[in-house]
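Take a look at this one chain, the form predicted alone, written out in structure tokens.
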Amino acid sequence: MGSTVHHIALVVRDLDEALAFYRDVLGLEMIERREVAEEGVEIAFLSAGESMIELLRPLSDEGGVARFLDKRGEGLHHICLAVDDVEVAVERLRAAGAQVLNEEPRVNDHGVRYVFVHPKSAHGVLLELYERT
């Protein structure tokens, strides 16, 4: 299951404040900023070489990202790996006893299929797998 780091996601309380640091101070180029209503977040992607940094801000006090922020505070939320075939990756993970959080791959606004792997299966890290397009 050859994979590369697609992005590293950080949960933040204030997206503008986080952009002031990552974009303005560190000089990372912002690629995209948008709301993802079905996930309950506003996101910004910044270029970081071959990978990206994703900043996540919950849109409300409800939902998984908001609960994560309340429980753990700002910081690392998940690591996303790009894989050739997300269904093959899921089969391999399940065969190894890993817990995949969604039964079927979801599809984002860009048509990319993805799944999340429970942190208990990945040594404490929430993993997201993106299918390469």
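Numbering starts at 1 and follows the sequence shown. Since the model is a prediction, treat every value here as computed from it, not as a measurement.
What comes next is about the form predicted together with a further copy of the same chain, which does not appear here.
Chemist: Is every one of I43, V86 and G111 within 4.5 Å of a further copy of the same chain in the model of the complex, counting heavy atoms?
Modeler: No, because I43, V86 and G111 lack any heavy atom that approaches a further copy of the same chain to within 4.5 Å in the model of the complex.
Chemist: Sort through A37, V107, I31, L26 and report the residue having a heavy atom within 4.5 Å of a further copy of the same chain in the model of the complex.
Modeler: Checking each option against a further copy of the same chain in the model of the complex, the one that comes within 4.5 Å is L26.
Chemist: So in the model of the complex, does T4 come within 4.5 Å of a further copy of the same chain, heavy atom to heavy atom?
Modeler: Heavy-atom contact with a further copy of the same chain at 4.5 Å: present for T4.
Chemist: Does a further copy of the same chain come within 4.5 Å of any heavy atom of F116 in the model of the complex?
Modeler: Answer no; every heavy atom of F116 is more than 4.5 Å from a further copy of the same chain in the model of the complex.
Chemist: At the 4.5 Å heavy atom threshold, is E50 in contact with a further copy of the same chain in the model of the complex?
Modeler: Yes - in the model of the complex, heavy atoms of E50 and a further copy of the same chain come within 4.5 Å of each other.
Chemist: Is L93 close enough to a further copy of the same chain in the model of the complex to count, meaning some heavy atom within 4.5 Å?
Modeler: Yes, L93 lies within 4.5 Å of a further copy of the same chain in the model of the complex.
Chemist: In the model of the complex, which residues of 8-25 put a heavy atom within 4.5 Å of a further copy of the same chain?
Modeler: Going through 8-25 in order - heavy atoms within 4.5 Å of a further copy of the same chain in the model of the complex - the hits are I8, L10, V11, V12, E17, A18, F21, Y22, D24, V25.
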